[in-house]
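Only one chain comes next, encoded as structure tokens, the form predicted alone.
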């Protein structure tokens, strides 16, 4: 707990409390105990965060890109140096196993900072020769103050995914973590300051949807980047549209993982486990609709059960041997258990799991069993609605044309995966899938170099890769006339 932040908010380079704000707590999901007490930001503190960010952004945008790059690289170094204490804090806040947070949270955030640091000085404009000595040129410029709104499943990673491209482009950011996992973004703000980021360029304010709405509609906000549910995304998009703010939305999914009968079964099983049980199933891009061609269905189900029952170790997430932790909250626990009961009611075949898990040393923890349902139909709610827990739905299919049509028959379009030894078919299927991020013969790998985002209700815009720079900058065109100007009179 030595990494515990010292106050609820970080504004203009200092920790701040807000005594009049509504109080809330951060809970360790493995025990239900309170690990931090915080307050929501008042309207006046939100205004102060936006105003100090707007003032600091002007100087930051005027800073040489090489210097912006140096500061981001230093922040990445500090994240790596403090990876264990940050990972322990993230585990306490989210319940994710330390085995996971040590490699997937602050560490991947550092990769994002390094990557966009390397791009900061590459944002050049274009020269356009118009003939006769006349020309035009373009400048790629910062937007101003960007608002980041995070989700609770990858708190510090999401904060870095949003902050790194925003800061590389010369923007300031005011970041609101999820009220479920409020702590690690504050430590990121500390690290940015230590790395040399000017005060006010990265501010953190806590709050629920009311604070998020104030940020999204604030007169000083140029852009909003949200990671969250579809319902929240619709509200933020409506506010952004009403106030003409730019927006990036990374929302939910009910993604298909398609396994043809010529696939390597062991690799497909490994991917299905990763796509459903890693991080206790709390990943937006998870391949929770596993379409299996009938020829290998029963063999695949047997291997799923064998590998899961032999390999899963539930327990205290701070124990590095543990690979499945609790769900993030009591509310999420009840939601996932409700869907497990619903699957049985709808007539799906329970292969294994299906209920609350008990860890003797942690009786109050929000644990559930990794669960697989087979013989799932497309019209079942467990096959249509995002559960956000370790619940895999296995559906049969016969032909390529059939499975593509069924995979696309959803409002979502975040991700998809295809397993087959026939790479011609793999590329053909991926071309037809309505999803923003696809994998062939693997699943859920999201290197920072690759753009990430969804189609349809799963989102607008992209995070990561060169595409993110376009989301956090704007083009200015300049026409230069070297001759005389003519007029009609």
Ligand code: NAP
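Residue numbers count along the first chain shown, from 1. What you see is a predicted model, and the numbers here were worked out from it, not measured in a lab.
The form predicted in complex with the ligand exists for this protein as well; it is not shown, and the discussion that follows is about that form.
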Since only the chain is shown here, I'm wondering whether residue 178 would be in contact with the ligand in the model of the complex (any heavy atom pair within 4.5 Å).
yes
With a 4.5 Å heavy atom cut-off, would you call residue 312 a contact of the ligand in the model of the complex?
no
Close approach of residue 208 to the ligand in the model of the complex, 4.5 Å, heavy atom
yes
Using a 4.5 Å heavy atom cut-off, state whether residue 229 contacts the ligand in the model of the complex.
yes
Heavy atoms within 4.5 Å of the ligand in the model of the complex: which stretch in 246-254, 346-354, 372-380, 185-193 meets that?
246-254
4.5 Å heavy atom contact with the ligand in the model of the complex for all of 150, 153 and 213:
yes
So which of 72, 166, 415, 158 gets a non-hydrogen atom within 4.5 Å of the ligand in the model of the complex?
158
I need to confirm a contact call. Of 174, 300, 327, 284, which residue comes within 4.5 Å of the ligand in the model of the complex, counting heavy atoms only?
284
Sequence-ordered list of residues in 451-475 near the ligand in the model of the complex, where near means a heavy atom within 4.5 Å:
452
